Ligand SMILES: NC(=O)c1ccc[n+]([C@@H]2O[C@H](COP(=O)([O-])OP(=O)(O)OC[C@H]3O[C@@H](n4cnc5c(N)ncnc54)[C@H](OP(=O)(O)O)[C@@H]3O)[C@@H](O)[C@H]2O)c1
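A single chain, nothing else alongside it, follows as structure tokens in the form predicted alone.
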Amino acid sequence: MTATGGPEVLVAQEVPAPEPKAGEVLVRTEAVPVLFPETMVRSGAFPAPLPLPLVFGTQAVGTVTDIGAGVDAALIGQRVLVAKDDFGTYAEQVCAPATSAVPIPAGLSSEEAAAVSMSGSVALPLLKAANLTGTETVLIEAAATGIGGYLTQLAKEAGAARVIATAGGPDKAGQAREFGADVVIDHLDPQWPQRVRETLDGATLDVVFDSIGGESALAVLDLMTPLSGRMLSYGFLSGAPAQVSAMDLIMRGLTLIGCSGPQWLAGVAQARGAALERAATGTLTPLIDRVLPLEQAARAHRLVADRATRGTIVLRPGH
């Protein structure tokens, strides 16, 4: 990453091979997921963790080839998912904390593991935080891809009685239905909250998984069940978090659960193994849009920015 800006700031370059420090593993990279929060860092919406230029990326899947001091030698030769807070995974070789290494179950390809790692491990804590009872109507925004796609796959197992979903366009709407949504509404329509109201026909939403944020969140509050309704806010695809005040919630008797911060992220990290295991056993379908060469990282970011994906883009180093 040479600067903040458009996808073109991601440039393939040769850099010195990394060497593992104490507590680190060296991984020969096989698959790198392109994650939506990364696009926010690249654009400058989120701060970069280190001075620029830097090797980009936060997660990678590959085989451990070396270890630093204090790391169990049994990790050498294992296929793992690793994560880094200080970036560095868009590369043929990656050094990462050994504590972040999660074994990849047998039967799960590196590309599948990369695709499910972040979004799947967010969906599981979201469903736990929602505390569904088996009788409730839920709204899942952006339900065809990413976190929303995994939420839709798992919602009824987790206790949703009825799943209303939003998706952008007919293709993604069809995918959300395949994942288990009972009704899908096109959120490209600026009046989509009104379409939800018409679908409810007098009923209310018990749980809302809000990934769109912005002004639409306030409109959705009026569709929720007073006293027990809860909105889980975890994204802002609109470009801004939910524009909801404390008074908006108080006057409607609703709860907003903020799904962010260090404790939340620690729970997401703990869920990575469970997400990978579910993908390996078939109870969670990995959503891969396409696999591109690592050198095409800029193209991958452009596709994500254009909302032209139906799953995670995975980058494959050529070695």
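Keep in mind that what you see is a predicted model, and the values were worked out from it rather than measured. The first residue of the shown sequence is 1; numbering continues from there.
There is another form of this protein, the form predicted together with this ligand, and it is not shown here; the text below is about that form.
Of the listed positions (A160, L81, V116, A142), a single one reaches within 4.5 angstroms of this ligand by any non-hydrogen atom in the predicted complex, namely A142. This chain lacks the partner; the member of L26, V41, L254, V268 within 4.5 angstroms of this ligand in the predicted complex by a non-hydrogen atom is V268.
Remark: all three candidate residues (V122, K172 and S238) come within 4.5 Å of this ligand in the predicted complex, counting heavy atoms only. Residue contact check for R230: none of its heavy atoms lie within 4.5 Å of this ligand in the predicted complex. Contact check for P37: a heavy atom falls within 4.5 Å of this ligand in the predicted complex. Heavy atoms of I212 reach within 4.5 Å of this ligand in the predicted complex, making it an interface residue. Residue contact with this ligand in the predicted complex: Q263 places no heavy atom within 4.5 Å of it.
Only one listed stretch (274 to 282, 50 to 58, 64 to 72, 255 to 263) carries heavy atoms within 4.5 Å of this ligand in the predicted complex, and that stretch is 255 to 263. The partner is not shown here, but in the predicted complex the stretch 294 to 311 reaches within 4.5 angstroms of this ligand through a heavy atom at V304, R307, T309.
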